[in-house]
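The chain that follows stands alone, in the form predicted on its own, written as structure tokens.
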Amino acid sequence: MNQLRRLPELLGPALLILATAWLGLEVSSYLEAYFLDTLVKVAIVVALYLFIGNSGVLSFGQISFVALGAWTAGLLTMPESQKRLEMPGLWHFLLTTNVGNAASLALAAVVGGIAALVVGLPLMRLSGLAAGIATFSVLEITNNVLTFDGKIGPGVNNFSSVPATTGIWQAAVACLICIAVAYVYQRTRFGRMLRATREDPAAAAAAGISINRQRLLAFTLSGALAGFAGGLYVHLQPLASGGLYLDLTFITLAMLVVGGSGSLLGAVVGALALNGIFSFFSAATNTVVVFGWHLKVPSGTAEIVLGVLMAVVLILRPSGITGGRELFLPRRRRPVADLEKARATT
């Protein structure tokens, strides 16, 4: 019965993703690109939630694993002729190796997970401001290596020749996979132990829970999901390493916090709401039709609206739109007569 009550924790976010995908198919091909971008952002934010939401440790470095996933999937699916033309300095192995779309996404997840494991071994001993600064340094290092080391990265060039294979249903299925992984993790004893370290680290340590080990496990899983999302992203649109840096870091963190960092539902709602609003006003710079009215806004309106909305939400609801709560079925109340009978028998 308890498992049945918890089922909406998974079904609620999943239905939101399916509804978004269905709407994306009903709009024009021009607006469909915004729905695709929103679904990929949901996958990224869910990856952030798996570590940040469950551990309570703020990390600025998760986008570095998104960048590594995009780098992996992008390089391994570009035609060799294009790589020789655009990135002649690549290592021979990277220059000559090509795989299919599904394999590139799997390898992107593997690379993201391995990188998170290696980075997390020393960093998961840190907490608070020190952890935030250390993870930010990981983001800075990753961005500079992929930007300036021509032997392994695209340099300042875009991944312009990567096959655009991320369609609306592939993005939706990928989101569902990320949501399912995050849900299963938080329902396991490892997820419960990590949340215990978030609520009271001293009590958790006294109960025999290894804080470092639990954080490292979540950090690695989060890195794998982030790499997977990065693979989707690079197959969606041409990317440069600069597009996987500070802007994406802060907007995805804002989505998580505004939605409610303490719940999977909050991660999905925050990503859908904020990226939906941002996409709408971005499209409105080129005029959109709303109930028969032609709406055109100046450039920069999307950023202003998003900033004002985030400030208002966090002032009125500091714990986010969802309050950090999941969906669940209410407990069935037993009739008073049954309660009195139970007491009498005891």
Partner chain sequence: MTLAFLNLTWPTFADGLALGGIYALMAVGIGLVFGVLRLVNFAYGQLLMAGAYALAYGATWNLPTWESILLCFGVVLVLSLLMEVLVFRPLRLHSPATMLVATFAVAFLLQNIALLKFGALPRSAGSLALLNAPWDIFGAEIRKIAVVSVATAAGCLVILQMLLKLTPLGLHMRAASMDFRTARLLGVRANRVITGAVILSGLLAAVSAVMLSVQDINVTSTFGLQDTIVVLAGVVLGGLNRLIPATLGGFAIGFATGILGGVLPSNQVQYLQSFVFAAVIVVLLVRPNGLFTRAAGAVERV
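Positions refer to the first chain, counted from 1. Please read all numbers here as calculations on a predicted model, not as lab measurements.
The same protein also has a form predicted in complex with its partner chain, omitted here; what follows describes it.
K.L.:
Work out which of the listed stretches, 176 to 184, 108 to 116, 226 to 234, 253 to 261, brings a heavy atom within 4.5 angstroms of its partner chain in the model of the complex.
P.N.:
This holds for exactly one stretch, 253 to 261.
K.L.:
Please run the contact check for Arg84 against its partner chain in the model of the complex: heavy atoms, 4.5 angstroms, yes or no?
P.N.:
Outside the cut-off, so no.
K.L.:
Going by a heavy atom distance of 4.5 Å, is Phe281 a contact of its partner chain in the model of the complex?
P.N.:
Although its partner chain is absent here, Phe281 would stay clear of it in the model of the complex, with no heavy atoms inside 4.5 Å.
K.L.:
In the model of the complex, does Ile315 have a heavy atom within 4.5 Å of its partner chain?
P.N.:
Result yes; Ile315 sits at the interface with its partner chain in the model of the complex.
K.L.:
In the model of the complex, does Pro88 have a heavy atom within 4.5 Å of its partner chain?
P.N.:
Pro88: no, not in contact with its partner chain in the model of the complex.
K.L.:
Here the chain is shown alone; which of Val308, Ile277, Leu295, Val27 has a heavy atom within 4.5 Å of its partner chain in the model of the complex?
P.N.:
Residue within 4.5 Å of the partner: Val308.
K.L.:
Would you kindly say which of Leu217, Leu76, Ala204, Ala134 lies with a heavy atom within 4.5 Å of its partner chain in the model of the complex?
P.N.:
By the 4.5 Å heavy-atom cutoff, the listed residue in contact is Ala134.
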